[in-house]
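Below you'll find only one chain, the form predicted on its own, shown as structure tokens.
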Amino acid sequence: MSFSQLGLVGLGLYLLALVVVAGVARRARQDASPADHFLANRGLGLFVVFLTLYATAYSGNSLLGYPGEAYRRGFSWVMATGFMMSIIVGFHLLVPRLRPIAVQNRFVTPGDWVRHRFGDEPFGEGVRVGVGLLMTVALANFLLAQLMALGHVTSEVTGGAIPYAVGVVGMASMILFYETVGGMRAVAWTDAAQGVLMLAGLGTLLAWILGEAGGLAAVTDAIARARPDAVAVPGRVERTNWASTVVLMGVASILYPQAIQRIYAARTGRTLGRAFALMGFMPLTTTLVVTLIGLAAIPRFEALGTIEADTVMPRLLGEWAATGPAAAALAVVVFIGALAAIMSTADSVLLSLGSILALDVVGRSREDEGTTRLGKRIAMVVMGLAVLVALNPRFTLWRLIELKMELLIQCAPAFLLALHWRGLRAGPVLLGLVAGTLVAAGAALFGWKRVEGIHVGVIGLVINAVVVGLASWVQSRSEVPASGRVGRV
């Protein structure tokens, strides 16, 4: 049986397993409330919390986008491991203060924090809607990236038996099915299995690449011969870009709505703390591994196009499978692990999208079972639109990551500053949010990605923070300091 045939069989078994999980999750639900559907009634344990965080953080962006960017940029992309580690540091600024407040007030969405913090102030409603819209755009971008990755993986591994467009539509339909039927339980349970598969699969693939090539030193020599620029010492602009990316990833990633909702969904604070402690090791076991895989692809696949570079992972799987039956079976395991990881992120994104649009943007009650139904319907519409865009890909996966981060990072003052600055008011936060978003979005529309290596989104955040600071200072000079809602923070 060929690798493409094994891939089809493995795909069929995996999809069947998802249907079973969705059915079990539906029977395990306690009611039809938004808290049960979107947060699994806040009952996720350590193992599931850790693996759902892991599978969500390391997605199609990591498994296809990171190797593709390593292929394009060479050894300078090794710093991607540092980018991912910065996320763990960032969570320590958010979780210790947000988690107790979220538990006490039974938050469901990120907007519940904004409503709690600024709800009775002038412009408080504007901050909540603004944050909700930015998070919606970022999540839609994230969903698009996962759908593109699903199309690439299924097409490459099945030898074209499942074309890119069919892979996008088919996988999107399956995600929509089990997320709608099983809610957060189905998402979290499938994430747990997907995380295990991904860890095992990436390790075996890297071992084969390095073993077959004669070790990391031999791979480096081959890269130097094929593309000397890939091993060159990075210049000043590239080093500046490293620092900018650390800020971009470290701040924006902790504001992923799906990650914030997992902070809410953990059974206890101790469970959450242990899960994040384990997450600290994941950049070494995942980001570094996929980066090395992308680098090893440089001498194997010469002159791939910009978009084609995002397919180096499935291309390597095809080469590995051709070396023998045992390798083909292991390559299928890696394929299923990669597919599972991508789907785990897409389902988490879809779940968060439905909850944010229904609760934060539309403003429906979190106690109303009708809100759950509305969230499901909204998710269907967004998925349909994302599929239409994914059928004609125009960006690399890494560029999609940058775009969503540059918008999402503008929400930082509404969370990080608001948690740590008792005197912060809604008006300055809204003004800064608008200013930073206009800078980041405007620059992207004109095709400006970076200024001397600094992301335009990071520049937007600096302007955002300056506006918040100046507006807060002006406001404090014109009013008597108030007490009240912020005193609960």
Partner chain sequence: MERSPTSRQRLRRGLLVAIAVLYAVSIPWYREGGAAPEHWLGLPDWAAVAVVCYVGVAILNAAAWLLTDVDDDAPDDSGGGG
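This one's a predicted model, so the numbers in the text were calculated from it and none came from an experiment. Positions refer to the first chain, counted from 1.
The same protein has a further form, the form predicted together with the partner chain, not shown here; the description that follows concerns it.
Judged against the partner chain in the predicted bound form with a 4.5 angstroms heavy atom cut-off, the residues 5, 10 and 16 are out of contact without exception.
Here the chain stands alone, but in the predicted bound form its contact with the partner chain, taken as any heavy atom within 4.5 Å, falls in 232-240 among 319-327, 406-414, 232-240, 168-176. For the residues 76, 155, 204, 136, the 4.5 Å heavy atom test against the partner chain in the predicted bound form is passed only by 76.
This chain is displayed alone, yet in the predicted bound form one of 140, 213, 374, 95 has a heavy atom within 4.5 Å of the partner chain; that residue is 95. The closest non-hydrogen atom of residue 285 lies beyond 4.5 Å of the partner chain in the predicted bound form.
For the chain shown alone, residue 256 is not a contact residue for the partner chain in the predicted bound form, no non-hydrogen atom being within 4.5 angstroms. For residue 418, a non-hydrogen atom is located within 4.5 Å of the partner chain in the predicted bound form, even though that partner is not displayed. Taking non-hydrogen atoms only, residue 159 never approaches the partner chain to within 4.5 angstroms in the predicted bound form. Along 83-104, residues 85, 86, 88, 89, 91, 92, 95, 96, 97, 99, 100, 101, 103, 104 each place a heavy atom within 4.5 Å of the partner chain in the predicted bound form.
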